[in-house]
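Read the single chain below, which is given as structure tokens and is the form predicted on its own.
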């Protein structure tokens, strides 16, 4: 589900090293949402595990199809590593580092994520 945000709101939140993308309430557990920041489409995934929350930020572009669909992928795990399956050709990408399971030479860009005062922020400079 894409976030419904105006370009003006997104631009004002994209200043500085850590970029505020959305509130934690806008993420959907065990699913992806997409955000736009500094010309990048970013797929965000929230994985709750007990009292812990893990949030991952990956490029939304599927390197195999060229379509921006990773945020619509199916979340699961392979060998105890959280992954997202691209909805088009079904390659699996590890959420932690973006590496493709079937073609390890291919990886999606990833960004460090932090949760600060209820806001999801990513480090655009890493």
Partner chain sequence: MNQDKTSIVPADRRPSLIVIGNGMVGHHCVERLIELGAHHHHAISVFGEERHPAYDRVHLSEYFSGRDAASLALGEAGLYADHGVALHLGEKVEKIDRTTREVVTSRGRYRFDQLVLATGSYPFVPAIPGSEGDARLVYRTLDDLDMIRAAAANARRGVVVGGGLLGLEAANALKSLGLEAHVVEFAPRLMPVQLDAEGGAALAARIEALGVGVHLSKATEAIVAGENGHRYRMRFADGSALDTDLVVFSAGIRPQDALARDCGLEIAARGGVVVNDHCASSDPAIYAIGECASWRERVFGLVAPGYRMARLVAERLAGQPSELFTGADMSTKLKLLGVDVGSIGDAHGASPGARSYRFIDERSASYRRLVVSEDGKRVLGAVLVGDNSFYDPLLQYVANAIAAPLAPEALILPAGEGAPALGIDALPDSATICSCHNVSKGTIREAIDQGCLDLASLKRETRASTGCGGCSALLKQAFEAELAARGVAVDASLCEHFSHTRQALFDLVRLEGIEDFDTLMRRHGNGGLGCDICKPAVASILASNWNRPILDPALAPLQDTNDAFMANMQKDGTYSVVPRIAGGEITPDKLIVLGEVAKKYDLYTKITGGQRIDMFGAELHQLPSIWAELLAAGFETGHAYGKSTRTVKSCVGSSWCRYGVQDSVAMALRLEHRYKGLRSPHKLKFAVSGCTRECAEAQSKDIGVIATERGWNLYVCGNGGMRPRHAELFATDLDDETLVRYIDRLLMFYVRTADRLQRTSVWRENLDGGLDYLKSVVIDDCLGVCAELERQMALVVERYECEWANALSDPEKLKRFRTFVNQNQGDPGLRYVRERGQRRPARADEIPSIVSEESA
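Positions refer to the first chain, counted from 1. Fair warning: this is a prediction, and the values are worked out from it, not measured in the lab.
We do not show the form predicted together with the partner chain, though everything after this point is about it.
For the candidate spot formed by 36, 41 and 47, every residue has a non-hydrogen atom within 4.5 angstroms of the partner chain in the predicted complex. Residue-level contacts in the predicted complex: of 31, 96, 53, 100, one residue has a heavy atom within 4.5 Å of the partner chain, and it is 31. Residue contact with the partner chain in the predicted complex: residue 59 places no heavy atom within 4.5 Å of it. Proximity of residue 106 to the partner chain in the predicted complex falls outside the 4.5 Å heavy atom cutoff. When contacts are judged by a 4.5 Å heavy atom cut-off, residue 25 counts as touching the partner chain in the predicted complex. The partner chain in the predicted complex is not approached by residue 63, whose heavy atoms all lie more than 4.5 angstroms from it.
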